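Single chain ahead, written as structure tokens, the form predicted on its own.
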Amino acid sequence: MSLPEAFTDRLVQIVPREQFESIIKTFDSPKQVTFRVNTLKSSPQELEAELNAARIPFERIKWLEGVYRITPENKLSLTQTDAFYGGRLYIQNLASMIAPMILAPKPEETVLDLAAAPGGKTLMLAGMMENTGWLSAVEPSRERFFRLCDNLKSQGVANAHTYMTDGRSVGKKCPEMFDRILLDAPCSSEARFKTHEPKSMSFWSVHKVKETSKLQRRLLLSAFDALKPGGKLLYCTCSFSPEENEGPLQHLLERHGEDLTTIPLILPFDNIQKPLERWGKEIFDERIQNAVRILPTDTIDGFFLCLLEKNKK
């Protein structure tokens, strides 16, 4: 099955023209499998010993300690190891690991994951916090909420407090409560389209992109309200659409721009692109240029990230 025509028509206007064809090809074949050590239960050295004992060939990701890559053919073997069943490793795309890395929570802080399920980033945040402090994980969907809870329990997370509630209400309930907030916003998941999995694209439409953008704007405003002065907020999506990336940030800055600073992001690889300066008739705030759009490869999914800091009063 091919990608939706309306999607590719938009994508060619978003990504660098000279990279368009190579980006399109990344949707056609299974990606390299990446996973990381769960530092709450193991260490890189211990996990590597387990992988060697299981005769699973792996490659270290040089710029992120305790993170590894294997071929798609070895994924089944990996999921049959004691390390996998014991929660000592967690399979996750590299793009998703970058978000906690940038937010960089510290032990004893108060941290909010505002759209947490299935919990991969929440687990990584807990590990970085060394299971200390207060980690709030919010998820409105009942089915996804219980999957989140199971995930946190099996991976040994002890500092997380889970809430089945709408993230749009959290800012009013918990004003200026958190040192750091991760909003990996619900999105159209364009970066996860797979031409060999038609279901991955079946719910997509330009209308859905625009509807999702409205939800993202409300969630961002809620996150702003919940953030302490001096605190950091990371907004990210696995979508390419400007309506879901630059657009919600523009909405936030128009309302609270005098209270926010965007922090330049420098990533340890070069498959990246600056945010768009405009889309259609909308011209975006120049501060959004500090965000970054990750372009997909055979290993990493497309992703958009923007780090903001709430100015101290």
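This is a predicted model, so every value here is computed, not measured. From 1 onward, residues are counted along the sequence shown.
If you look for the form predicted in complex with a small molecule, you will not find it shown, but the lines that follow are about it.
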{"query": "Sole residue of P105, G231, G119, G171 within 4.5 Å of the small molecule in the predicted bound form, by heavy atom", "finding": "G119"}
{"query": "Heavy atom within 4.5 Å of the small molecule in the predicted bound form - the one residue of K75, K153, K210, R144 that qualifies", "finding": "R144"}
{"query": "Contact check for A115, P140 and L215 against the small molecule in the predicted bound form, heavy atom at 4.5 Å", "finding": "yes"}
{"query": "Distance check, G87 to the small molecule in the predicted bound form, heavy atom within 4.5 Å", "finding": "no"}
{"query": "Contact flag, P242 vs the small molecule in the predicted bound form, heavy atom cut 4.5 Å", "finding": "no"}
{"query": "Residue contact check: P186 to the small molecule in the predicted bound form, 4.5 Å heavy atom", "finding": "yes"}
{"query": "E130 within 4.5 Å of the small molecule in the predicted bound form, heavy atoms", "finding": "no"}
{"query": "Candidate stretches 79-87, 173-181, 160-168, 194-202, one within 4.5 Å of the small molecule in the predicted bound form by heavy atom", "finding": "160-168"}
